[in-house]
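Starting off, we have a lone chain in the form predicted alone, written out as structure tokens.
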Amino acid sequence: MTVTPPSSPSSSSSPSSRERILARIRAAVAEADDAPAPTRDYLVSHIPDDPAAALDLLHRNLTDYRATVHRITAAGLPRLIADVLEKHGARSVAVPDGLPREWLGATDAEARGDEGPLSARELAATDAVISGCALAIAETGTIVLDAGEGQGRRALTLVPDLHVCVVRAPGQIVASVPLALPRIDPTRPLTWISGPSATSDIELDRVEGVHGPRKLEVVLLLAG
């Protein structure tokens, strides 16, 4: 018995459904007027143009998101980081390239550099990570990372169970998202963090640590 194989799709040069749809759209709008520029007369910030007000609002919103927030000057930062790591029982800490080494000057935790980089197994076995940030947004209580110096690749701040993030105040704090966007490079790998990673099911049972660290400690590094 001879079995005839199923015929293959036609290899003709007829346009695909996608191409036909796009062609009809282009034809329909070919003679249309240009779209008007969007109106941007909305408020770009809802707080006074005051660094102290932005700092206080960021602190409150981070706390509302269940992050632990500290305020410290550079002189006290190494001791604070050591105390935070000890409080959480962190015996190892991932260190992004470019992070100031003096920040770790008071801790006995093993510092694991990411020059290698750390393998997935090594990263999963690391208790904590310390990073800087690109900026922080006061009105939303959000920290933005862009994999810049002292921040590391995205996995570095998502896998360890504890993230200690240092925000320089007031230089890295902006009031709102509209004020933040011009300072962010959209081509970089951005991570927007609003509190510890958390989700909830249909019964509203909150579970932390599903998509990132269960514990977030934010250090507001004050000038002077």
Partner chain sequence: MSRTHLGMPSFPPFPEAAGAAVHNATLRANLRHATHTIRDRRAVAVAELADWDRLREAGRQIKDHTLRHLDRYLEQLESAVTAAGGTVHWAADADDANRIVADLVKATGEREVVKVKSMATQEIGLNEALAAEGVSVYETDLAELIVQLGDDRPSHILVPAIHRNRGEIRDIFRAEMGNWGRAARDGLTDDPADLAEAARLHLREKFLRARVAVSGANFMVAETGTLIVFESEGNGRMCLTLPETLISVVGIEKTVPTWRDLEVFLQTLPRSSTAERMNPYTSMWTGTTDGDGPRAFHLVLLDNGRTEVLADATGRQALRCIRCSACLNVCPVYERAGGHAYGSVYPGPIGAILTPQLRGIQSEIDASLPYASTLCGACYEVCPVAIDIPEVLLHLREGVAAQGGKGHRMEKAAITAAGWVLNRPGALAAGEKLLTATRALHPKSPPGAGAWTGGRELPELPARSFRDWWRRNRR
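Numbering follows the first chain given and starts at 1. Rigid core (definition): largest C-alpha set, two forms, superposition within 1.5 Å. Predicted model only: the values in this text are computed from it and were never measured.
Note that the form predicted in complex with the partner chain isn't included here; everything after this is about it.
The closest heavy atom approach of residue 124 to the partner chain in the predicted complex falls within 4.5 Å. The closest non-hydrogen atom of residue 172 lies beyond 4.5 Å of the partner chain in the predicted complex. Taking the partner from elsewhere, residue 69 is found to have every heavy atom lying beyond 4.5 Å of the partner chain in the predicted complex. Residue contact with the partner chain in the predicted complex: residue 165 places no heavy atom within 4.5 Å of it. In the predicted complex, the residues of 18 to 39 lying within 4.5 Å of the partner chain by at least one heavy atom are, in order, 18, 20, 21, 22, 24, 25, 26, 28, 29, 30, 32, 33, 34, 35, 36, 37, 38, 39. Once both forms are overlaid on the rigid core, the distance between the two CA positions of residue 29 between the shown form and the other one is 2 angstroms or more.
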